[in-house]
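Take a look at this single chain in structure tokens; it is the form predicted alone.
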Amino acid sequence: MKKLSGLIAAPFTPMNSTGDVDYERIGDYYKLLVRNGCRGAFINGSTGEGVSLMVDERMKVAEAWASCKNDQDALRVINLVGGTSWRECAALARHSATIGIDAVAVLAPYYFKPAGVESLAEFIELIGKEVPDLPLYFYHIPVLTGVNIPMISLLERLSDRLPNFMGIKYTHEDFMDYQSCLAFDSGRYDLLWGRDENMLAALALGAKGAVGSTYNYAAPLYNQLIRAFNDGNLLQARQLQQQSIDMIRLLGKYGGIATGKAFMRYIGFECGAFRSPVRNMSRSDYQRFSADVAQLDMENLFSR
């Protein structure tokens, strides 16, 4: 698989009123991402509540996304199969290979944490060797896994051991480590940036692709930011990044990750609620949230 470029959205998993996965909504979700210029979908991740879904639900979500693909507007679909059991991860990866998923990603095990880079590399290698023809990414998000190992060390360990290792979804703020990963082995690996609020800094270092939750509902903003940067219009790029930051601050103001589904409701695409223990927004909070979003004055930058 070629390196990814542009926006790879991290979709929410649509839920119905009873808290069950609404698989039928995924087809319309796929079309929403295509319509707004996204190049891929990173499914069953943090935003997609993969860790809150049962194994069979994660498989059905992957099947629904894979079934949407066609030759004309195909998004690259990456399925997060990570967890705490490498055998379960491998089973999900094998299933992904049979249904036409483009690539899989794994997390650091977050209960029995790897003692160092060699243990982490071994864990990834066990899974990757089960699907030798399927590209595999590592999802680096130490704020949630508690595993903060320099990714340049991981690349050095895996470069000669796992031929289908494609790169890293890098959701951390260590720009020194990120740049070292970009430069490793003449830029061999795909380094997908994972912090929407500082995309511009990553573009300056050489990032070509990015995975993020806010691309679900504000893809036009980030596509404009990328164009401004590529055109050398840094003033406009900075202004757009600041609008991204102002928008993202509302996530913290209204309780965190579940606010993303409130943004989806705001643009007219209902995704339901997050599963426990994530706190969801009350009706009165949503009214205040909607007023705050309107004050951002960026209606033309939201996905529709």
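Everything numeric in this text was worked out from a predicted model, so none of it was measured. Note that residue numbering follows the sequence shown and begins at 1.
The same protein also has a form predicted together with another copy of the chain, omitted here; what follows describes it.
Just one listed stretch, out of 166 to 174, 96 to 104, 130 to 138, 212 to 220, contacts another copy of the chain in the predicted complex at the 4.5 Å heavy atom level, and that stretch is 166 to 174. Exactly one listed residue, out of 69, 265, 279, 253, brings a non-hydrogen atom to within 4.5 Å of another copy of the chain in the predicted complex: 279. This chain lacks the partner; the member of 77, 158, 226, 152 within 4.5 angstroms of another copy of the chain in the predicted complex by a non-hydrogen atom is 152. Using a 4.5 angstroms limit between non-hydrogen atoms, residue 189 is distant from another copy of the chain in the predicted complex. Interface membership of residue 248, defined by any non-hydrogen atom within 4.5 Å of another copy of the chain in the predicted complex, is confirmed. In the predicted complex, another copy of the chain lies within 4.5 Å of some heavy atom of residue 20. Remark: residue 63 does not count among the residues lining another copy of the chain in the predicted complex, judged by a heavy atom distance of 4.5 Å or less. Heavy atoms closer than or equal to 4.5 Å to another copy of the chain in the predicted complex belong, across 175 to 202, to the residues 175, 176, 179, 180, 183, 197, 198, 200, 201, ordered by sequence position.
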